[in-house]
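Just one chain is shown here, as structure tokens, and it is the form predicted alone.
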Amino acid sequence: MQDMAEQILAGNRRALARAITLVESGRGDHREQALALLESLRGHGRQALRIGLSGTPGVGKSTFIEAFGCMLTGLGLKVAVLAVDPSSARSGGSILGDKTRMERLVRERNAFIRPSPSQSQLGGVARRTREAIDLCEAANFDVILIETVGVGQSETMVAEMADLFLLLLAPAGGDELQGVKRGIMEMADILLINKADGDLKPQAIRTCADYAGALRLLRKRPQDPEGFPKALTVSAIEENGLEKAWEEMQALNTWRHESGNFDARRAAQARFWFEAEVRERLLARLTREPVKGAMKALAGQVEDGALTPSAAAEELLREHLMME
């Protein structure tokens, strides 16, 4: 683990890829090694700008990330892309095809792309995406792009691990009423209306105006300066609007640093993931013996009508998980 940590700090991409595979593993011995690795890397590397990016399937997330990533590497920045692909509910497998889509970005020396399966994790990200972010920061990347599965309005988990949250929208994808709906819309820092090119450009401009009006109706958030969140039009294919979007991201990030909001947000996220990890560990105990056997026995009593579901749950928690 010490050798792997040194290679990651030196920017070795192969070591970084192996480390991400390690933290994603479900084996107990691998988990112990991953925790030791993460602890040895804590406090090293640089503080990267974490950008979460979501949007419905087909909105052009991969195309945007490739164009945006190439622009950032052209500015001399090191960019890591953590893409989460949906897993099959039937087979559990994932295609993991984002590298195939991002042919130009894959060839960039200062870019690293890592697709991961979502498995059974909800919220649009993989279970260990947060730890993969820590590894990329240790490897001294300047910008980390986290692309979510793209499942809809409930996909807000990425906002708990990113400094900026971008939401990609398609032209004619909604009106002002859609814009003021709660959920993913109110979590976004910047709305990007993609595909603002060709015949869709007028529709993209109208959609951007609709959402800009809707954003003014939302309650102002303490982490935003005047004018944010805002809506912008971009074209990933023609690479128009990318520089403007990057300028707005930098302006928002600078303001949050100067106001102290950035550090407070990172601290709140750390607390959130501590509590999430505790919940995950407790749920994992239900799948192991002797709790698994006790749960099966109590489930049988519930089926027979000998116990109510509430009473059976209370007994399981009290007798086997030592909770009151």
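Residue numbers here begin at 1 and follow the sequence given. This one's a predicted model, so the numbers in the text were calculated from it and none came from an experiment. Take the two forms, find the largest set of C-alpha atoms that superpose within 1.5 Å, and that set is the rigid core.
What follows is about the form predicted in complex with another copy of the chain, which we do not show.
Partner proximity in the predicted bound form: R281 to another copy of the chain, non-hydrogen atom cutoff 4.5 Å: Close contact exists here: in the predicted bound form, R281 approaches another copy of the chain to within 4.5 Å, heavy atoms only.
Contact flag, A306 vs another copy of the chain in the predicted bound form, heavy atom cut 4.5 Å: Output for A306 is yes: heavy atoms within 4.5 Å of another copy of the chain.
Non-hydrogen atom contact L49 with another copy of the chain in the predicted bound form at 4.5 angstroms: Outside the cut-off, so no.
Any non-hydrogen atom of L53 within 4.5 angstroms of another copy of the chain in the predicted bound form: Although another copy of the chain is absent here, L53 would stay clear of it in the predicted bound form, with no heavy atoms inside 4.5 Å.
Which of 22-30, 64-72, 251-259, 289-297 lines the interface with another copy of the chain in the predicted bound form (heavy atom within 4.5 Å): Of the options, only 289-297 has residues within 4.5 Å of the partner.
Contacts with another copy of the chain in the predicted bound form, stretch 245-282 (heavy atom within 4.5 Å): The stretch 245-282, when checked against another copy of the chain in the predicted bound form, contributes A267, A270, R271, W273, F274, E275, E277, V278, R279, R281, L282 at the 4.5 Å heavy-atom cut-off.
Post core alignment: L9 C-alpha displaced by 2 Å or more between this form and the one not shown: Where the cores coincide, L9 shows only a C-alpha shift between this form and the one not shown that is less than 2 Å.
Is_shifted T21 between this form and the one not shown (CA, 2 Å cut-off, rigid core): No, the C-alpha moves less than 2 Å.
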